[in-house]
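Here's a solo chain for you in structure tokens, the form predicted on its own.
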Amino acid sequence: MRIHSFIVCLVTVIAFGGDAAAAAQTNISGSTMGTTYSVMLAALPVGIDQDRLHGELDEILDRVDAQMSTYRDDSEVSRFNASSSTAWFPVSAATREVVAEARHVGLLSHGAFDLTVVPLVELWGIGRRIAPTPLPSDEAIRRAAVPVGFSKVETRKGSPAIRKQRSDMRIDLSAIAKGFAVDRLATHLESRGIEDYLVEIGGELRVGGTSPAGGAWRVAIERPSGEPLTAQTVVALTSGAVATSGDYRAYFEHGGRRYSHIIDPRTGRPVAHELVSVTVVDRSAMRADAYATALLVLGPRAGLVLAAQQGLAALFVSRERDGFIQVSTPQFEQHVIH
């Protein structure tokens, strides 16, 4: 699975310091879903072999990729997309769970998050970093939007399955599957008795317990200026997940106008507001992943309303003429290091 470049997730783990902590720390990393992953353990428990654990984590990630990738013809999602049938399509419990959560966030966000947005993404050339020539017309947008609609995909829990209401519908789980995979790795670590960990895939992360230094994990949210390693804010966590979505590194310009690589499924057009990044802290990386995207599409005002309604810990960073302003919910402020 490759993650579309129009979703930029930027978080950095702050160094912990101390030779003793560094000596005890265990790091595992690799490639997955068209990006990279890393696992940091404060210490490897006695009796657990690092190479074997690495293999177990790779196996979990390979399984998620085989279920939800849109770049593998044999994945469950790709086979569902290729099918013209509107009958129930059997899938794994994992794929059904992710599709169900995507529909749920789509419902709560009034369609700002939509797993069926594929035709509009393709129409605007999202991910190619060049402007489509000419820009899509109103009629082209209208035609592309016909099969789009999160509610047109159904899920069944008993015998896991999903169903499309139109034969030409396709789904893409790129904006939620990374978070799901992070949760799966974290759950596996806990099942092996590992309590102090950090799991990260392409910038989405989840932590448990304490850092190698013995305190909370400290996570820096990158300032959306394009300057690397500049922190907008820093949060401290002993449990939970962090996901950031932004558009400031992924856009194209046409006719003197800047077009975001974030598509609003409700209009069929790139978002046109001043919000440039949203960070969500949640117990679940899957939820944080999806909500960060949904809030970014909604914009600074409607996004804040939804965050308040759902009790989300969210940080909104908007562009102003002379810099950036940030607004956060009370739940997010509880995690901030001042």
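As the structure is a computational prediction, the values presented were derived from the model and not from experiment. Numbering starts at 1 and runs along the sequence shown.
Form predicted together with a small molecule: not shown, discussed below.
Chemist: Taking 4.5 angstroms as the heavy atom distance cut-off, pick the stretch from 289-297, 54-62, 25-33, 303-311 that is near the small molecule in the predicted complex.
Modeler: So the stretch in question is 289-297.
Chemist: Answer with yes or no whether residue 204 is in contact with the small molecule in the predicted complex, where contact means some heavy atom within 4.5 Å.
Modeler: It does: once the small molecule is placed as it appears in the predicted complex, residue 204 has a heavy atom within 4.5 Å of it.
Chemist: Can you work out whether residue 241 and the small molecule are in contact in the predicted complex, taking contact to mean some heavy atom pair no more than 4.5 Å apart?
Modeler: Residue 241: no contact with the small molecule in the predicted complex.
Chemist: Does at least one non-hydrogen atom of residue 95 fall within 4.5 angstroms of the small molecule in the predicted complex?
Modeler: Taking the distances in the predicted complex, the answer for residue 95 is no, it never comes within 4.5 Å of the small molecule.
Chemist: At the 4.5 Å heavy atom threshold, is residue 174 in contact with the small molecule in the predicted complex?
Modeler: It does: once the small molecule is placed as it appears in the predicted complex, residue 174 has a heavy atom within 4.5 Å of it.
Chemist: Please pick, from 198, 221, 112, 185, the one residue with any non-hydrogen atom lying within 4.5 angstroms of the small molecule in the predicted complex.
Modeler: Of the candidates 198, 221, 112, 185, 112 is the one lying within 4.5 Å of the small molecule in the predicted complex.
Chemist: Considering the small molecule in the predicted complex, which of 208, 212, 160, 265 comes within 4.5 Å of it through any heavy atom?
Modeler: Going through each option in turn, the one that passes is 265.
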